[in-house]
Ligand code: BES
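The data below hold one chain only, encoded as structure tokens and taken in the form predicted alone.
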């Protein structure tokens, strides 16, 4: 990813110049200076390209003069409608045209410092690339962008606004890296080890193995893991940002499903597309990246993040359909389908979170059901909650950063679908309302505490480029939940 700098407006002598333009604004400031230095070539080129500054519109002018290799114009839409998410999308649109440049200057002197910072964030987020395993890529195909200088009328303010954004972007990249890793590399043990890197940011990290979890009675989580040669882990990450030397208060809690590979177990999935199940740990990946973001920007809040890490494999020791397991809460579950395993993992981790940390509220994230994709596609995550205030705050935080969530219902009729004939409950309730009955299952373990469940199966991974994320792992939820904490739970 390129380095981002904020500088005073000055015409570059070479390289690429980016012009973020609204529909109403003619060339002004640094953009006008560049046009005059190029003998009017920029204005003529934009007119020939019929560039009107519409949202999402782009135009690239090659060698327009004044020593510039190219000018890239980015449309931001109507100035009155321009908000942070629009500026970020504009920044994201810059990343592609600049990929083969070493450095570029962005003429953002027409934008408020905060919007200039948001535009820079968009460039950074869209420039992400997971290329750890590329060994034969041609040099000319590799991105070369090393530095983006954002020229703004108040570089000091823009830099100050960007500092926490940079920390959050770093957390996003932690999540994207984890979710992108192949499953033969990112086993439960390896994922747990990588969590230790957060200690450099001041996060306390505790790792529990099978022995500790057996003592805690984690029958549901261990049941999922028993078919795999890769042993499970649970990781507890604590950030005490509000304590100020005093005993920490009740933390806010985030809990992630971390199935590092999901074959479905004995209820095995179809072969086609099974390779995608490496990102069935995206909920855990989001929690890990969120903790990095909060610690990186020194959030003034007490936060605990917990992730249950398992691999769901078929073998002679694997859990069978029809098995009954006893959860850490003492409740029993009849396992009807071994591919409904994420909720079993969450059941034990949520109970541990309540008993050990007594949180103000809990939010769990999981790539839990295909049913949520049928219901909402890839545009929204499913949001389930027993607390209206918490649900409304999550929706608002998501809207502010462009991570949409849609609240789904809960209710007694759905809860009846998971009634078991031989145990306290069964782990599936049939095809009707599948994402809802999964949430009802989880709700049975929250002990009435304020709780929200985000089913991110449709949003954790994208098969196409998004405004601020390239194809692949999106890190959905990191920015939303960071915003949730920043807006409502700091100070």
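Residue numbers count along the first chain shown, from 1. Predicted, not measured: the structure shown is a model, and the values here were computed from it.
We do not show the form predicted together with the named molecule, though everything after this point is about it.
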Completion exercise
Note: the named molecule not shown here; in the predicted bound form, the stretch from 75-83, 347-355, 168-176, 262-270 having heavy atoms within 4.5 Å of it is 262-270
Completion exercise
None of 274, 373, 207, 185 but one has a heavy atom within 4.5 Å of the named molecule in the predicted bound form; the exception is 373
Fill in the blank from the handout: If we test each of 395, 339, 101, 415 for a heavy atom within 4.5 Å of the named molecule in the predicted bound form, the one that passes is 339
Practice task
Tell me, yes or no, whether residue 233 is in contact with the named molecule in the predicted bound form, where a contact means a heavy atom of each within 4.5 Å.
Solution key: no
Handout entry: 4.5 angstroms heavy atom contact with the named molecule in the predicted bound form for residue 279
Key = yes
Practice task
Could you confirm whether residue 333 comes within 4.5 Å of the named molecule in the predicted bound form, counting heavy atoms only?
Solution key: no
Problem - Proximity of residue 61 to the named molecule in the predicted bound form, heavy atoms at 4.5 Å - result: no
Exercise for the section: Could you list which residues of 410-430 come within 4.5 Å of the named molecule in the predicted bound form, counting heavy atoms only? Expected result: 428
